[in-house]
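First, one chain by itself: the form predicted alone, in structure tokens.
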């Protein structure tokens, strides 16, 4: 039983990181109806830039964290301006392919600058294990979960209780009505891409001490996409729940089936949900929007 709880706790930690990336997918899609498949590259950039700021520029960890998130957020805003906005009226498939192309360009640019170098990010918290109720934890895993949940909670509060956040929500519900209410749609889209990219960067920084940093680590971003689909792509609470659930399912599959089957289970689950429950386990049917 202790082992089972260990698997659940580890899965929850993984799910908290997926939630940061998944929320980025959801925010952009709700506002612009674009699935941004360059989110994974934003995650990778966040980790690489934080490592550069911390190790090469010798900035304090907190400043490196914030600096990386801000830099990637600005890049996300730039991409919205030059790569998405000119294609607003293009077919959906064109927009999706544009985000895929942007992701490939970012990955290739990182390879040009750093090669295929494998780097290790120093942990912010101690990695000495301790046991609570039969479950083995480290300060690193606990701190990662707390920071992830804090960022997710801060985003939810920002959307619900700030003027800018309510404008983002209004644009997601009905663009014409939002415009009539004084919401600038273009500025809202710009901010949405910036916030989404910064969230992905934060996930990359938090997960970096647990894995190795490579130009290909952005593949983790797809797990956030799957988790959001699993919970409900049009609802923020559903997407968060789906990401946590995916992390737990992956860990259970990795232990009880095979570690090599984790990705198979994830993508198989994606296909199953798309076929059987397209709106997600905790989602809702999409309403017609103006």
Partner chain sequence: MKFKLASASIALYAGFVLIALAAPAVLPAYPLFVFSLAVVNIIAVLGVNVTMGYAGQISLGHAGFAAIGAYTTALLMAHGDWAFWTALPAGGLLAGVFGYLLGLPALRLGPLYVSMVTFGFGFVVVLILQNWYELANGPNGMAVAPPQLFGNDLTPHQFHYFVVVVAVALFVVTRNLINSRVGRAFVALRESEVAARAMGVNVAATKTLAFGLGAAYAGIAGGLFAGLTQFINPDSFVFGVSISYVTMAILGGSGFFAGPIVGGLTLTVLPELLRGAAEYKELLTGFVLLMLLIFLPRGLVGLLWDRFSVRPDVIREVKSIKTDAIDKSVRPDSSRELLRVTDVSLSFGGLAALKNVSLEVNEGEIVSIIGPNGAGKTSLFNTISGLYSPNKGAIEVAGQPVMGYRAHQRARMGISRTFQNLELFQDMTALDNVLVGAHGQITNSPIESAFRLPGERRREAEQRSRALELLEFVGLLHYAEERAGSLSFGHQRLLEIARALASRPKLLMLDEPAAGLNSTEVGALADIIRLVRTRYGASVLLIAHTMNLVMALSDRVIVLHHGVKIADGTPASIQKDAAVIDAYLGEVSNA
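As the structure is a prediction and not an experimental result, all values here were calculated from the model. Residue numbers count along the first chain shown, from 1.
FYI, the form predicted together with its partner chain isn't displayed, but the following is about it.
- Only one of 147, 213, 102, 168 lies close to its partner chain in the model of the complex, with a heavy atom inside 4.5 Å, and it is 102.
- Contact with its partner chain in the model of the complex holds for none of 142, 160 and 236, as no heavy atom of theirs lies within 4.5 Å.
- Per the 4.5 Å heavy atom criterion, its partner chain in the model of the complex is contacted by stretch 83 to 91, the sole one of 118 to 126, 152 to 160, 199 to 207, 83 to 91.
- In the model of the complex, its partner chain stays beyond 4.5 Å of every heavy atom belonging to residue 9.
- The closest non-hydrogen atom of residue 253 lies beyond 4.5 Å of its partner chain in the model of the complex.
- Under a 4.5 angstroms non-hydrogen atom cutoff, its partner chain in the model of the complex has residue 108 among its neighbouring residues.
- Although the partner is absent here, residue 70 is not a contact residue: none of its heavy atoms lies within 4.5 angstroms of its partner chain in the model of the complex.
- Interface residues of 258 to 281, taken as those with a heavy atom within 4.5 Å of its partner chain in the model of the complex (partner not displayed): 260, 261, 263, 264, 267, 270, 271, 274, 275, 276, 278, in sequence order.
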